[in-house]
Each structure stands twice: as C-alpha cells, then as structure tokens.
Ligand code: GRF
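We begin with a single chain expressed as structure tokens, specifically the form predicted alone.
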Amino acid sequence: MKKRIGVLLSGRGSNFEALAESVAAERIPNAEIAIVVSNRDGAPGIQRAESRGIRTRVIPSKGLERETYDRQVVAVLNEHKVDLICLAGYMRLLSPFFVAAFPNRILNIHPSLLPSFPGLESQRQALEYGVRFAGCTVHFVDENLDAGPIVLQAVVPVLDEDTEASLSEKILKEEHRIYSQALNIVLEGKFKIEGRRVIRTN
C-alpha cells in the first residue's frame, strides 16, 4: 500500500517538483502524491501538478479567518486519505486545529539553519547578519512559526560575493535534496521524537 502525500503550496512549487521527481524515480519508494492544494488562484505549482496528472485543489484563503480556512483544507486532505503533509512554499501559518488534526504528520522546509532566521526573507537576514554559513531545515510543524522539531539540515558556505539571489540558489539545491531524504525517514517510521529532538532509528 503506497503512502499518500498531500502537498500545500502558494507559489511556483519548486520543492513540490523535486518531491514529485523523487516519487516518480522511486527515490521515495512506495509513495504517491495524492493531492496538491493551493491557497492562491494561478499558483504556478498547481499547473505543474496538473501537468503531471496529479489531483489539485485551489481553496482561496483571502478574507477567511485562519481556522475557518484550515477546516476546509483539512477536509480535503482527509477526503484524499493523506498519510503525510508537506508544505512547499505554503505562505500561511497553520492553526492549532490543523496541527492537531495531523500530529507529527506535517513537514516543512525552511531556507535557513533554524532556529536562526525564521519567517520571510531568511537569505537576506543571513547576509545582513554576516553569517559564514547558511542552509536549510526540514522540520515538523507545530503551531509556532518555523519552530517544530528538526528532522534534517544542510549547510552551505556564505561567500563574500554572495547576493540574496546566489545564496537562495545554493540553498534551494540543498532543499530539493534533503526534503526527499526527510520524507523517507518519516514515511518509513525510522525516527522517534524525544522532547525537541528527532532521533533516527533503524
């Protein structure tokens, strides 16, 4: 029985595409992307999903309170019987209702070495702070912004000549690599959570 993945996105969906490629190539074995949901009409990620023959749903979020909106999304994810949810550039903070509906079953990827530089424009924050290393983090999602237990991280050096664009590009390559790795760990159940620590098991 294949594990069913739900993907939430708001924009271009490059991390979704990387996950879809890994599923198609069986680098994420025994899995399928069951549904892709966007909160924005015209999100390029929805067109990318449709071109792959993956079911999609657009549920516009404008003007809706967070939990009211999240109840609609949770209903769609339950309708498609998803085992794991992956946020891929989803520009909304999930409500406690949403998180409680899928405990330890929601993953996000963030373009910084959390807990440094949560929120938006992490690469610009890293450059302005003058760090020598940046990177990305796959973490479980809780009710707080970019704050759940960390599954995997990848590090990239920050060079003197780096710009926000060049640093973002380097980090994005690592995002595509470790998101698939993290999915395998979680889907295979090869982990346990102790406090804030995600500990790998065999």
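Keep in mind the model is a prediction, meaning the values are calculated, not measured. Residue positions are given as counts along the sequence shown, with the first one as 1.
Although it is not shown, the form predicted together with the named molecule is what the next lines describe.
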| property | result |
| --- | --- |
| is_contact(I109, the named molecule) in the predicted complex, heavy atom dist at most 4.5 Å | yes |
| Distance check, A88 to the named molecule in the predicted complex, heavy atom within 4.5 Å | yes |
| 4.5 Å heavy atom contact, K190 to the named molecule in the predicted complex | no |
| Contact of Q181 with the named molecule in the predicted complex (heavy atom, 4.5 Å) | no |
| Options 76-84, 94-102, 110-118, 125-133; stretch whose heavy atom lies within 4.5 Å of the named molecule in the predicted complex | 110-118 |
